[in-house]
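The chain below stands alone, shown as structure tokens; this is the form predicted on its own.
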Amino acid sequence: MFNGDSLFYSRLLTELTLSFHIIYATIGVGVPLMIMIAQWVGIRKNDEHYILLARRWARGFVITVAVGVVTGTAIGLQLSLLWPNFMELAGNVIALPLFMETFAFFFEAIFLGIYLYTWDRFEDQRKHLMLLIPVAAGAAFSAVFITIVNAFMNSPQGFDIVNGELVNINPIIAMFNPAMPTKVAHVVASAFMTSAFVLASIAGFRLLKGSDHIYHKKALFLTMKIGLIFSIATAVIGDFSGKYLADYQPEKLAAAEWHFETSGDAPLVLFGKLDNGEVKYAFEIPKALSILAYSKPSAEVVGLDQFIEEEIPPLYIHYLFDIMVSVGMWMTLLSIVFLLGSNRNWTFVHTKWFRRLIVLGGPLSILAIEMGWWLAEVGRQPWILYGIMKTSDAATSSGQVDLMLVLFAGLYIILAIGSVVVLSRMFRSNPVERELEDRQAEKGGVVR
């Protein structure tokens, strides 16, 4: 592999790192809440199955946290190595949320260690449950603070520009920028949604493989219910995100919707293809883009005709948006059907073909998260700091980025394979049935 365009390789390596990290980061943010809910339900119902759910999820969570630490460290390293001009310009502004993200992680890690060490050491399990509150809060606030950095890149404020430098910096104003509320809320809600559907996918897989244990059925019902709640929340927040884009980044919204000419009664364009600038084979929802942008069917939505070509994001982000929205709608519908079917004894929700759909929901949810982040980052192009610094001006001029790409790609392959192997062996060597029997023996009771 020969040295080439450092900008291209810097973007490629950053995309690779973020794409890999976001899988573990999303699980790292969402699973602590799932553990806390499962343990709370187990305590409230005096149900050992839910207690065991929390226990087993916590074990797997530790592995994902370990990998997330490595990839998160890689992101911090690459910010300085690959984008030195950006860090020189904006490093003083984003230092505070980056520090607070690190603090939130250590806060989470400390209480996670105490939580894991003190299983069965409390006679009153409610006291043990209290240890999960700082774990879940730390995980969520870690996502909040790192997302604030991304929000700042999309809507920079809290400083003056003098001779090409950012001065008179107010980090609090910079943190609470216009992009922050919707971006933070969307990231956190989608992390909870994705984690729930990933755990539901695992439970569905065990049922599909022939394990008809009530433990897996309870896990599936609980996680599909949580997934439905947060899929609806994610959709509502996504509507507010569309309104933010209409006001602050209209070219991004226009590119995502292939809205080429400024007009009212703007339709929402889904899928299709571009043929010499003409949209073909697309599914259009009349006036839906105007409603998304301004809550008015007749509202005028700014089109790409109002921007110079050099500042228009790549038009393929349209497909990223479509995939993200389609998966979200599908998972919402799937969870509604499952929950209704379970409550009304519809037999088809327990068939193999329906459980295959549930199993597929886990990877699809991860795919939607990936598409959402690619949309966020590619849709900001050509800017790294919106309206102030372009990506091409921020990158390193080093000729060794291609070598870094190969080395980090190798590291991620090892981490991916290693985490899958460790998690698989961890749970295969200690199946649910055996663990329930062991806990029954310890307590002298009957657990089935």
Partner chain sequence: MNLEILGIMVLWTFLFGYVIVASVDFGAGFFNAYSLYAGKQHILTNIIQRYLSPVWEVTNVFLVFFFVGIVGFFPKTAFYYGTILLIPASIAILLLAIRGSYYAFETYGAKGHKGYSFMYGLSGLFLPASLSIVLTISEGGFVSMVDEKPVLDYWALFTSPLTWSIVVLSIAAVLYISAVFLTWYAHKANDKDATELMRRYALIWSLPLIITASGIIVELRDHNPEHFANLLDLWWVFALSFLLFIGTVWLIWKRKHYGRAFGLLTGQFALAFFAYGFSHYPYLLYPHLTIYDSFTNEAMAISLIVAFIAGLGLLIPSLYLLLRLFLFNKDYVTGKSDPY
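Just so it is clear, the model here is predicted, and its values are computed rather than measured. Positions refer to the first chain, counted from 1.
There is also a form predicted in complex with the partner chain; it is not shown, and the following applies to it.
Although the partner is absent from the chain shown here, none of 150, 281 and 306 has a heavy atom within 4.5 Å of the partner chain in the model of the complex. Screening 342, 155, 85, 262 for any heavy atom within 4.5 Å of the partner chain in the model of the complex leaves a single hit, 85. Site annotation in the model of the complex: the residue of 272, 181, 171, 286 reaching within 4.5 Å of the partner chain with a heavy atom is 171. Contact annotation: residue 74 falls within 4.5 Å of the partner chain in the model of the complex, judged by heavy atom distances. Looking at residue 415, you'd find a heavy atom of it within 4.5 angstroms of the partner chain in the model of the complex. Although the partner is absent here, residue 98 sits close enough that one of its heavy atoms falls within 4.5 Å of the partner chain in the model of the complex. Although the partner is absent here, residue 297 is not a contact residue: none of its heavy atoms lies within 4.5 angstroms of the partner chain in the model of the complex. Contact with the partner chain in the model of the complex, defined as any heavy atom within 4.5 Å, is confined among 353 to 361, 368 to 376, 202 to 210, 100 to 108 to 100 to 108. In the model of the complex, the residues of 396 to 414 lying within 4.5 Å of the partner chain by at least one heavy atom are, in order, 396, 397, 398, 400, 401, 404, 407, 408, 411.
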